[in-house]
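In structure tokens, the next block holds one chain alone, the form predicted alone.
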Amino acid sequence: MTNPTLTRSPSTWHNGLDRVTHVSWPWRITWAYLIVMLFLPTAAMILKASTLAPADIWRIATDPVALSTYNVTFVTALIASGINGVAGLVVAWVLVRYTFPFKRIIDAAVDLPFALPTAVAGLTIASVYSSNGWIGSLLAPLGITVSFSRLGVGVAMIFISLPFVVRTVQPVLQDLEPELEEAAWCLGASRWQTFWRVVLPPLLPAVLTGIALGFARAVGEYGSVVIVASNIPFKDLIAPVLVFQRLEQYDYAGATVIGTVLLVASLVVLLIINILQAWGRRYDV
């Protein structure tokens, strides 16, 4: 029997070769850039951690100090992103639905955590929330300490992750047709019923996506937290700071293992974001 692959005409082979050799330059640049800037560094860190024995990896990853940093990092980031989920939705609602003086300035100020260096943000938060700061002096008589505590870590995470929710929800809210709300009102629905049953369902995927993005950003935050926290183990030490401390001690294996744990957590968050985005397409027209 004749092999089908040997009976192809020269033009068929020529067309296949053209598809391989005539790949567009944007396609080549995209893959080259992603490989050099994203895939190779990620693979290098994973391979570095894999050089250790599984027992050593488990010992480093489950060290009591490391476990305490996971608790501070992930739990605090989850609480901060949840708070921003509510606050960011309210801020986006006000910016879209209300007209007031200096609206554009306030709208632009939402992006301030993106432009402000994280070290400056940490210094500002530590100053404002210190015992003699503008806000900290009001909380001190109540026995509430923000700066150099886990609460300060949460405040810093809230500050740097707020724009993600606002900027994710804002365009969806702008595209929402007011006629849907007016129709619900004409049918006898109250404002709260209209919000929960008409407005919130199409906004919810965007809110959850913003929360996931803010959570991922808060987990990887270093510059502001290292200033506003006391960085004491079992108190307010976060995982990124622990990685830096291990590097200062020339414990490259420990830093790599903890960094890999953070990498896996980030990949899980990215997977959740993709699922939420796919869910949000149900409301696309």
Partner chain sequence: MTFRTSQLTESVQASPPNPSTAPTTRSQAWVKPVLIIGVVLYLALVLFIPAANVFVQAFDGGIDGFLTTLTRRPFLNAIKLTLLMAAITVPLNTVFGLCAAWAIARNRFPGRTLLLSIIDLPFSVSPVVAGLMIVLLYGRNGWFGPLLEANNIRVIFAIPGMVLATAFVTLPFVAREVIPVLEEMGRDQEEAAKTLGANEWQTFWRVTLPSIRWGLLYGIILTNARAMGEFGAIAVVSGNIAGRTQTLPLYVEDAYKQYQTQSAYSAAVLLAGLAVVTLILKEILERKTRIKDS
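Numbering follows the first chain given and starts at 1. Remember, predicted model here, so these are calculated numbers, not experimental data.
The same protein also exists as the form predicted in complex with its partner chain; that form is not shown, yet it is the one meant from here on.
J.: Using a 4.5 Å cut on heavy atoms, which of S127, T145, S137, N71 is close to its partner chain in the predicted complex?
T.: For this set of options, the contacting one is S127.
J.: If you check in the predicted complex, is L40 within 4.5 Å of its partner chain, heavy atoms only?
T.: Yes, contact at 4.5 Å.
J.: State yes or no: in the predicted complex, is some non-hydrogen atom of P117 no more than 4.5 angstroms from a non-hydrogen atom of its partner chain?
T.: Yes, P117 lies within 4.5 Å of its partner chain in the predicted complex.
J.: Evaluate P113 for contact with its partner chain in the predicted complex, applying a 4.5 angstroms cut-off between non-hydrogen atoms, and reply yes or no.
T.: Yes - in the predicted complex, heavy atoms of P113 and its partner chain come within 4.5 Å of each other.
J.: Evaluate A108 for contact with its partner chain in the predicted complex, applying a 4.5 angstroms cut-off between non-hydrogen atoms, and reply yes or no.
T.: Yes, A108 is a contact residue.
J.: At 4.5 Å, heavy atom to heavy atom, what parts of 184 to 206 sit next to its partner chain in the predicted complex? List them in sequence order, or say none.
T.: Heavy-atom contacts within 4.5 Å come from W185, C186, L187, G188, R191.
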